[in-house]
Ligand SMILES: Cc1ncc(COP(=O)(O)O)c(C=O)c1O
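Below, in structure tokens: the form predicted alone, a single chain.
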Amino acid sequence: MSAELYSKEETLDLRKRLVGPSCKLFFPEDPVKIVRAEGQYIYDEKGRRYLDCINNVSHVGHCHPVVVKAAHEQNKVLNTNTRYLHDNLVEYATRLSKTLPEKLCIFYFVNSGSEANDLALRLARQYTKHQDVIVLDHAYHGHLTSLIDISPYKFRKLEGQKEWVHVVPLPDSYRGPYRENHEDPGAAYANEVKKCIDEAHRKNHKIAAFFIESLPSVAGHIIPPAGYFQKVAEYVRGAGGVFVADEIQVGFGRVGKHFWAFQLQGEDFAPDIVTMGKPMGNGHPIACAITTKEIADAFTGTGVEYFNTFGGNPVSCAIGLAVLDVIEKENLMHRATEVGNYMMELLNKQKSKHGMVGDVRGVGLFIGVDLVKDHEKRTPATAEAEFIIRRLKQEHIVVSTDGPHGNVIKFKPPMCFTKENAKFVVDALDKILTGIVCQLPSSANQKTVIKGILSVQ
């Protein structure tokens, strides 16, 4: 490893001066400077090791030797644009197609999840000849202008909602209008989509697409109720639209039971377009939008060529193939199920022990811990969540929060995460939660007290 160019302080100063201030760091009050990583661990400039619980980009583990070797070997031979024939691209598409429903058979390779979702929007509009899009509240689908427009998580802080964008309730059976005691929350939340479509039609708007993360991540690590996708697809297709499943954060076996998170809804469901990104290249930029022949033919029918200079280049596809090899040979889907179930079991014990743990939800290595101030009211414990992730950093565990209130501690670690890692994290969380209870007077202004606790850490 080469010597560092700058000290941590110099690097931070240069970043502040040179990099856009809206590009935020984790733990901005005391950022971690990372110099190397391996597996599920990252190391700072002083050699301190941190357990990485949030990096769903390095899907099969940081710097996995099989992936590194594949990139190196292909880089030595050729990397170029995709207007030439090359085996890697077609081999990768062939391998991916075996994981998907038969109708999803046409691949468009791009460089990022944002590009994939932008292309999905174009595909949907060209196929349907409609303009409008339905999205979930607090959804996030990418940072391009077209995707900010369909991401309430972003547009509510910017120029607001466009007239062609329709927002429906998050299918959250813990905090939403239809909760765990509802007889059929899937149908109830789907009916909200139907009502949205009916209202759009009354205003002479036509639906092009319904976009959803198969497991809403930024929105708080939500597990959609059974039957929701099927009913929504029925209503959306009945209105002439298409169903887009965004698998950018949750695909490639993370849920354990299936390769794709949308498959959790049952074998009788298949989206019309699937987008994927982050985990595909284990940190290398590669993404994809996959669709049906009918939708692809409509897109081609414009007579306008679609060309992506680097999407599906030989190196990217070599890396993608290596990631698939590792998932299969190291049985990482089984590991996700086994370790995820174990971690959920440990976390549910914390729920019984600590009143601040309101809900534990997840599947495989996609887990959210919803922190509350009051179990009955389910009041979000936002300041407490911030305190906890900062304290976990002191225990050399890197996590972050999500959800509309920033109170859901999220776990999406590399797939090589172990039961020992899970126990280490939950034991640390237990210690921190116990400490919070000891330091927080029940009648105090908790936000003020939390700030005081943090200031002396």
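What you are looking at is a predicted structure, and each value in this text was computed from that prediction instead of being measured. Position 1 is the first residue in the sequence shown; the rest follow in order.
Omitted from view is the form predicted together with the named molecule, to which the following refers.
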item: Distance check, Glu213 to the named molecule in the predicted bound form, heavy atom within 4.5 Å; value: yes
item: Close approach of His143 to the named molecule in the predicted bound form, 4.5 Å, heavy atom; value: yes
item: 4.5 angstroms heavy atom contact with the named molecule in the predicted bound form for Gly358; value: no
item: is_contact(Thr382, the named molecule) in the predicted bound form, heavy atom dist at most 4.5 Å; value: no
item: Stretch from 134 to 142, 360 to 368, 234 to 242, 299 to 307 whose residues place a heavy atom within 4.5 Å of the named molecule in the predicted bound form; value: 134 to 142
item: Residue (of Asn282, Gln249, Thr291, Ser316) lying close to the named molecule in the predicted bound form, criterion heavy atoms within 4.5 Å; value: Gln249
item: Partner-contacting position among Pro171, Gly113, Gly220, Gly320 - heavy atom within 4.5 Å of the named molecule in the predicted bound form; value: Gly113
item: Sequence-ordered list of residues in 257 to 283 near the named molecule in the predicted bound form, where near means a heavy atom within 4.5 Å; value: Lys278
